[in-house]
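Take a look at this single chain in structure tokens; it is the form predicted alone.
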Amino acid sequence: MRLIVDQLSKCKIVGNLTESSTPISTSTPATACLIRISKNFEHFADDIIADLGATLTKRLGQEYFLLKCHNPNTITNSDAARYIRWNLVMDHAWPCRPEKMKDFIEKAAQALFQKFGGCNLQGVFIGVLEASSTHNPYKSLASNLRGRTLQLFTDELAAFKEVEEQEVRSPSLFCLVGKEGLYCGIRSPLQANGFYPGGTKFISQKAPHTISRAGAKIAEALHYLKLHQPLPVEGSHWLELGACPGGMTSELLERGYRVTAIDRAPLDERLKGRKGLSFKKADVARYNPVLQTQFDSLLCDMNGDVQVSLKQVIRLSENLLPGGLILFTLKTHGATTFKECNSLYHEAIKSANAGGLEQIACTHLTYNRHEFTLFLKKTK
């Protein structure tokens, strides 16, 4: 196997951090990193890579970019971070054609165990580089490779966790396999920006409960929120702005939440009479909750100008309990450049902070289009 970065052979795990026993000099070569950029923002790829101070090595799959980064920390703390769905520092790579290689699964599993055994992992998770493909032969290959690898790691993973049971700050081995080969690295889910290899969580949009794509969007947003804090408890009361036709409303109700939904247009007929739902047919700008009504969380997926929508969010956050959660879809329609999109975000954060709201996280999700999901909380 060709090794891109071989620090792991000398590593030791200290708490939740991987620390090399060999000092890193200022002349250390650039680190190989794999990032995922959604097709929605692929036209910004050159700007994103430049913002990271990185150089492109090659494209992998449909949405993956293999980079050389001089400072991998910029992946999570730069303007580019919002566009990066998932990232992985490359600790090991095997450029090859897995489907044409005899005994690939056994060879790859043995190599993974030899390299990463003894690194105090909480789990091993293997996905595919073409996650969006419906007929992907690498899905079964990834599943079989994970099964064989876990057999070898059995003694080390006595307290093994399933993918959504991972501790967000503890190290896991994430691997991606595709026609270009096998790419692996140790990261915590929080560092990688997701629990799954590649960051994708499949969410069914089949009837009868699915009313619109927005249902999958809020489901994925709540899944992502678990990287940063616990979800609102069952029975929590949500205020939803611009709820029509009710895709998000339906998903929240399915989870046992209560919802007060506001929109000028009616909700889907399938929501009529649903337990826990209170619908107010009104313009959000003219809506005022009943005196002393308080909500646990607020959701806004309204179209239109960001600042206009955010103004209503800030106004109605007065009815949130202290520490209340806000999920705000930051639309970027009309912004045609990387700089303009970033300006929309920074202006939104400035307004939110002035209104007593603090950012928890901001990311682009699978079910987002040209938009970001902004997670906020009420500070007082």
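Quick note: we count residues from 1 along the sequence shown, nothing fancier. Quantities reported herein were computed from a predicted structural model and do not represent experimental measurements.
Below, we turn to the form predicted together with a small molecule, even though it does not appear here.
The candidate spot formed by E162, L231 and R255 lies out of contact with the small molecule in the model of the complex, as no residue has a heavy atom within 4.5 Å of it.
In the model of the complex, A265 approaches the small molecule with a heavy atom inside 4.5 Å. When the small molecule is considered in the model of the complex, G247 lines it closely, a heavy atom lying within 4.5 Å. Although the partner is absent from this view, T154 stays clear of the small molecule in the model of the complex, with no non-hydrogen atom inside 4.5 angstroms. In the model of the complex, S212 approaches the small molecule with a heavy atom inside 4.5 Å. Note on the partner interface in the model of the complex: the residue among E220, D79, D301, D296 having a heavy atom within 4.5 angstroms of the small molecule is D301. Taking a 4.5 Å heavy atom cutoff to the small molecule in the model of the complex, the contact residue among L277, V89, L141, V284 is V284. Heavy atoms within 4.5 Å of the small molecule in the model of the complex belong, among the stretches 196 to 204, 239 to 247, 112 to 120, 96 to 104, to residues of 239 to 247.
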